[in-house]
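Just the one chain here, laid out as structure tokens, in the form predicted alone.
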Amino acid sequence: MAADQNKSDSSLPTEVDKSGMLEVLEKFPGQVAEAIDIGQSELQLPSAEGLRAVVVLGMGGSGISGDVVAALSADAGLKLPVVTCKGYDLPKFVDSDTLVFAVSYSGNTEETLDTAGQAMERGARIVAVSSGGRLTEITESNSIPTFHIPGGLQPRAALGYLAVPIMSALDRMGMVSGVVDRFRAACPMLEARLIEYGPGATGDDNGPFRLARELVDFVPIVYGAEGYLAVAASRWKAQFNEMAKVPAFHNYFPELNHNETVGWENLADVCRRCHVIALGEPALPARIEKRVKITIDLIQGSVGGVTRICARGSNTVERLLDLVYFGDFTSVYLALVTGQDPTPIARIDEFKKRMAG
């Protein structure tokens, strides 16, 4: 389907969504509310006394929870470093004075099981987040506190279940403050965004749908800024990959001005197939805002398009969730208008099959 046809067509081919991903997105506000309740359950958590670091283990849709925690924790008063571990090797510093969150939606993520085992051997204080699988079997047999979350979703559609219990645990342990209240306050905001972003209003006033039509036949390049905007950019990139099945890339200011900005000078045919999306916020620091404007001015003649998206919300939690919701809908709409069912991930399934062979 040609890009100009999609830009002029305000219809949404929902019949392509055979697995019901749109319905899952529509339930995201409720997912966040339920995740708060899960996080506030009577689960016995480790002591925070003497902790020197927090490490979040996870991959893919589960791993992004660690990035969210790292971005939100400092804003909520956490004075310890938060390190995300996305691989087979646990950081060497992890010991009994480290709080480790082992996060695997399925409970069977190979890398997370490996690093969780290493954390157990070193006597780390572990809390798990999972819907079941081998991870839950291990944690339950070793009396490790585990937040049990509902199954049946793709990990990329379960960010609320995966991230909110971790933030709730940090709040309950006295390591951050006020974050649970901010998540509660964000639920009505998400309900309002659903009216704006959801499939009930797929016209030009629907920002995600409008952007999705503009992205047809282009490679999304998502820029954020250090902090939660960089996490949002990473999330958008991954959702474009898995939902729309298109290549996508991300980077963040100010780092990208020291390398990537130069990369738009050559390969004109390639550059014109890229659409840059710059994520920001109303209170973007002046020096970062200046960098964004200069960068756009320098590259807009080289790329196929540039769009700026401004986060909305009264605090970091709301602004991050707003961008996550906007990006999730954009990626699903892009899938649908290009004839893709957002849910299947055939190449990942094939990859796992070959790894197990």
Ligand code: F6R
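Bear in mind that the values here come from a model prediction, so they are computed numbers and not experimental data. From 1 onward, residues are counted along the sequence shown.
Not pictured, yet referred to below: the form predicted together with fructose -6-phosphate.
- Contact annotation: fructose -6-phosphate lies within 4.5 Å of heavy atoms from the stretch 151 to 159 in the predicted bound form, the single such stretch among 151 to 159, 174 to 182, 247 to 255, 188 to 196.
- Taking Gly39, Gly61, Pro29, Gly66 one by one, only a single residue has any non-hydrogen atom within 4.5 Å of fructose -6-phosphate in the predicted bound form, and it is Gly61.
- With the partner omitted here, the residue from Thr98, Thr109, Thr202, Thr115 that has a non-hydrogen atom within 4.5 angstroms of fructose -6-phosphate in the predicted bound form is Thr109.
- When contacts are defined as a non-hydrogen atom within 4.5 Å, all of Tyr105, Ile345 and Lys352 contact fructose -6-phosphate in the predicted bound form.
- Within 4.5 Å of any heavy atom of fructose -6-phosphate in the predicted bound form lies no heavy atom of Glu281.
- For the stretch 230 to 255, the set of residues having any non-hydrogen atom within 4.5 angstroms of fructose -6-phosphate in the predicted bound form comprises only Glu242.
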